[in-house]
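Take a look at this single chain, the form predicted alone, given in C-alpha cells.
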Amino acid sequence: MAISLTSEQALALAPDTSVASAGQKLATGQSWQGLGRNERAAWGECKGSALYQVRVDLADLSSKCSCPSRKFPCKHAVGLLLLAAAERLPAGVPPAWVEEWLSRRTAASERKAKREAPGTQAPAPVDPEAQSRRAADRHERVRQGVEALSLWMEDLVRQGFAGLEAETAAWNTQAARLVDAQAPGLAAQVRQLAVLPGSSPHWPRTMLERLGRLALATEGWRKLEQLPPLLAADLRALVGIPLREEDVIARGERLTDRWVVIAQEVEDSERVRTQRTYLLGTTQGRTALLLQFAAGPGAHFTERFLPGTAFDAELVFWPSAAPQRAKLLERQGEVHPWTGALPSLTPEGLCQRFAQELSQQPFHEQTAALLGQVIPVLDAEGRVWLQDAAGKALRAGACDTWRLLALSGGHPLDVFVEWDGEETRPLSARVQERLYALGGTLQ
C-alpha cells in the first residue's frame, strides 16, 4: 500500500526550509517506534527530548504532534510524511491515541457539515428593523462616498495628469474618505491608482482606463436596484461590502468535481497572511479561486491544498455574473497526485472566454486558465510571449521568467496563467505531469 504523495510534495508542506531540513533528518526511521498507516492515517512515536506522538490524516494532510513546536506542521510530522512517501510505513491498526484524534476530527467535520447544510442552521437572533436600519445607513454612507469619488475623478480628468507623478497626499486622502464611507473596496482601487504615475511610458493611458472602470462602478452604484441580482452582488463586492459565508452557501452555485490544485501563492503583510489557491476541475474545466486568511506573517491556514495533488470535492461559488471565488464545502476521499490530462485553452480560447465574462460582468478584472502546449519565446525587446502552434501569442508579465524558459527548453508546455486582457501572469507550469511554481510559492 503506497502513499499517494511524493517526497517533494511532502517537503512542500513544511512551513520553512529549517523544518524541511529537520524533517529530512527524521526520515531515516532510526528515531521512531510504533510506525504504521492505514487508508485513513499515518502515525508513529518519535524520540527527541521526549517521546512525541505524531499522526497525519491522509484525507487532507492535517497533522498533530505532542511536541511543543509552534510551527505547523512540525519537523516530526514532515518526517513521518517522508517515511510514508518512501513506503516505509507498515500497514497496521492505529493505536488508541490515533483513533481518538481521528474520531474527534470526524465529529468536528460532521458538526461543520450539519451547521453549513442549507435549512439546518439555527436562526440567528436578529432584529429585522435594526438590521434594515443599519443596511440603509451604510447604503447612504456609501452613496455619499461614491458621489464624492465621482466628483474627485471628474476634477482629476478636467485638470489633467500633469504633476501627478509628484502627488501622493491626494490619493491617500481620497482613499481614507472612502474607508470612512464604508467602501474599502473602492479605497483599494484608489490606492492602486496611486502607483501608476511614472510607472511606465504609457501610464496616462492606463490611468484613464482605470478611472473609466471606477466611473462605471460609481454609475452602477447609482442604479444598483435596477441591476440583475448577480451583477449587483459583483458591484457590492467591488465596493467592499462582504457577503457572509452562510449567505454564500445558501445562494452560491454548487459544483462537484475532481479538483487539481494547479497554482498557489502566499503573501505576507504586516498583519495578515493571505493564500490564493487555484483549483482546476478535471471533468468540467472550471477554475475556482480559494482564499484563506491568517493573522500575522508565518501563521498557518486552516485548510491545506498541495499543488500538484487532486481530490474530489463539492465547492460553492460566491454569487457572481462570472463566478470565480469559491469555498470548499466537502472534501471526499484521499488527496492524491494528479498525473492525468487537464482541460486547457488556447491563447485564442482564453481571450474569447475573458471577453465572454466581461460581457456578463463588466467589473471583471482577470480570468485564470491553463494554456495548453505553448512555447515561451523572447522578442527583440526581451519580452516573453506564450505562443501556441498556430502562432497566436500572449505577452507574459511578471513571473520567474528564466525558470519558465528553462522548463520549456524551446518545447511546448502547459502554463497556468491569470489574464487581464493585456498580459498574462504565469503562476505555474506543467512539464511531464509535474507542476512547477513560477510565482515564488512553496512547491
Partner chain sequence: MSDLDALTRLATLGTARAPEPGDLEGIAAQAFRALEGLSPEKRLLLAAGVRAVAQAAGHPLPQRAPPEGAASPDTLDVCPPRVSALLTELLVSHDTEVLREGFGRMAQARRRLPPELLPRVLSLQEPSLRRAAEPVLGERGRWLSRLNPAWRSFGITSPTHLSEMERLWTEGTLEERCTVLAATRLADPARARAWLEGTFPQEKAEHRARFLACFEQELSAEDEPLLELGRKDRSSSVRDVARGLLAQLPGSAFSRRMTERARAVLLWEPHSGLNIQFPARWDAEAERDGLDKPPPGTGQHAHWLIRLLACVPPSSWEAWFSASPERLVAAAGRTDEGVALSEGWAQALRLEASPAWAAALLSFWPRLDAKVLEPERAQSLSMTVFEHLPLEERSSRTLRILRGQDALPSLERALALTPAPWPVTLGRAWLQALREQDTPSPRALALVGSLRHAALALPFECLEAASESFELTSPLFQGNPALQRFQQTVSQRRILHQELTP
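We call the rigid core whatever largest set of C-alpha positions still superposes within 1.5 Å between the two forms. For clarity, every value in this text was computed on a predicted model and none was experimentally measured. Residue numbers count along the first chain shown, from 1.
Although it is not shown, the form predicted in complex with the partner chain is what the next lines describe.
Asker: State yes or no: in the model of the complex, is some non-hydrogen atom of His411 no more than 4.5 angstroms from a non-hydrogen atom of the partner chain?
Answerer: Taking the distances in the model of the complex, the answer for His411 is yes, it comes within 4.5 Å of the partner chain.
Asker: Please check if Leu407 has a heavy atom lying within 4.5 Å of any heavy atom of the partner chain in the model of the complex.
Answerer: Yes.
Asker: In the model of the complex, does Ala162 have a heavy atom within 4.5 Å of the partner chain?
Answerer: Residue-level check for Ala162: yes, a contact with the partner chain.
Asker: Does Pro204 reach the partner chain in the model of the complex, with heavy atoms at most 4.5 Å apart?
Answerer: Within the cut-off, so yes.
Asker: Of Leu216, Ala135, Ala108, Ala170, which one comes within 4.5 Å of the partner chain in the model of the complex, counting heavy atoms only?
Answerer: Answer to the contact question: Leu216.
Asker: Only one of Pro362, Gly372, Pro197, Gly240 gets a heavy atom within 4.5 Å of the partner chain in the model of the complex. Which one?
Answerer: Only one listed residue qualifies here, and that residue is Pro362.
Asker: Heavy atoms within 4.5 Å of the partner chain in the model of the complex: which stretch in 206-214, 280-288, 230-238, 186-194 meets that?
Answerer: Contact-bearing stretch, as computed: 206-214.
Asker: Pull the contact list for 341-366: residues with a heavy atom within 4.5 Å of the partner chain in the model of the complex, in sequence order.
Answerer: Contacts from 341-366: Pro347, Glu348, Cys351, Phe354, Ala355, Leu358, Pro362.
Asker: State yes or no: after fitting on the rigid core, is the Cα displacement of Gly409 between this form and the one not shown at least 2 Å?
Answerer: No, Gly409 moves less than 2 Å.
Asker: My question is whether Glu87 is one of the residues whose C-alpha shifts by 2 Å or more between this form and the one not shown, given a fit on the rigid core.
Answerer: Result for Glu87: yes, a 2 Å-plus shift.
Asker: Against the rigid core, is the Cα displacement of Ala398 between this form and the one not shown at least 2 Å?
Answerer: Where the cores coincide, Ala398 shows only a C-alpha shift between this form and the one not shown that is less than 2 Å.
Asker: Do the C-alpha atoms of Pro337 and Val19 sit closer or farther apart in the model of the complex than they do here, given a shift of 3 Å or more?
Answerer: Result: farther.
Asker: Would you mind telling me if Glu334 and Val19 are closer or farther apart in the model of the complex than in the shown form, C-alpha to C-alpha, with a 3 Å or larger change?
Answerer: Relative to this form, farther apart in the model of the complex.
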